[in-house]
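Here you get one chain, nothing else, as structure tokens; it is the form predicted alone.
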């Protein structure tokens, strides 16, 4: 099947973040597109309780939102977080800047709110049709049709020449066509809790992503505009099941999260009510299948779901959408060549961020409370200031640049080799680092508080 731009029936499966962004990009190209979503319209029905995982939108996501005119709006509804606030058990909390200059920040924004903004933009884009409560159960690649089940259980088939599947980590399209790949589940699950405002103000510093590292487990908290925090527990799944009474829940939190337990008045009720979600890494190849009747491509989590510990899931999926749009430009709107080019360019990048996200889980739950880790980060920041542009940490390359993910590991290895060689040449570098660290230790923390804008 050779889909050519100019008359093909294009379907996007999934009206999540990536599906909506791609619909807007295609609509602005003059490509009519229908978006199918299994849920009712979330703008009316509301988000699924306990499954939001606040987003940390950074440079890559902002670059994509800028393409559809939503960057400024997103930032107005986000709270900047300039670093991590680490809450060790039995020790004083400490703030760890994300960037060497203390100025760069990742941005906490509610997934549901950003999705609503993208839905509004898609709905207002000529040529884009949104269809809710339409569950896609698969694709007939030979006949060129989507297999649909509506809210009343009625099954139908609708024709489609190009199917772009952004229907998540458990993609029905991927399963129906048996794309080659695997899904690796962590033994950990996640559960959401809430820290409400205290006296009308934030109960914790809103300028930080808060982390309670506990070795094999952790809790994080991100600020919201209503001055609450969304907390997410990342625990071995068996630990959730063990806390089967309100008394056990409150006793456990008092012992393991003593500085925050009293800030969650609905702790026991939220813990019992909110579901435990799964954490999965999806590796799939190829992402594109050219059937006799339809051309199908996977994007976002359907192609390459990653764990959320680098805050790059949405940022990475948005890059997929930009790449598809770019490839259509380069191939004159021919879908077959464009999607083949898209998967070739993106695969190495998504593999790279998947591995970095898994490594960052270990860093967040184990390393961030270590004095050695803190010293290492201080050295990195000192070098970044001294060797601006020549030495850049992995975190800055991932979160504050659009350098392709696949190039980052090799760049970090080269930087480390150069530093190792310089260090082996004498004590001069060590003395320089110590002087820089001395200056960094005396530098006060930024006074930014990340208050909501009105």
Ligand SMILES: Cc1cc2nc3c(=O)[nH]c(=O)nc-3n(C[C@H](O)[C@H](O)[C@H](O)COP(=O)(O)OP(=O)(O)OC[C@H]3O[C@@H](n4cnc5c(N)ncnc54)[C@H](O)[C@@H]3O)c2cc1C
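Positions refer to the first chain, counted from 1. These figures come from a predicted structure and were not determined experimentally.
Here the subject shifts to the form predicted together with the ligand, a form of this protein not shown in this document.
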| item | value |
| --- | --- |
| Contact stretch among 346 to 354, 380 to 388, 281 to 289, 294 to 302 - heavy atom within 4.5 Å of the ligand in the model of the complex | 294 to 302 |
| Proximity of residue 195 to the ligand in the model of the complex, heavy atoms at 4.5 Å | no |
| Contact test in the model of the complex: residue 136 vs the ligand, heavy atoms, 4.5 Å | yes |
| Residue contact check: residue 23 to the ligand in the model of the complex, 4.5 Å heavy atom | no |
| Contact label in the model of the complex: residue 38 to the ligand, heavy atom within 4.5 Å | yes |
| Option touching the ligand, based on a heavy atom within 4.5 Å in the model of the complex, out of 98, 342, 190, 335 | 190 |
| Candidate from 210, 77, 111, 227 lying within 4.5 Å of the ligand in the model of the complex - any heavy atom | 111 |
| Within 4.5 Å of the ligand in the model of the complex: residues from 308 to 333 (heavy atom criterion) | 308, 311, 312, 313, 314, 315, 317 |
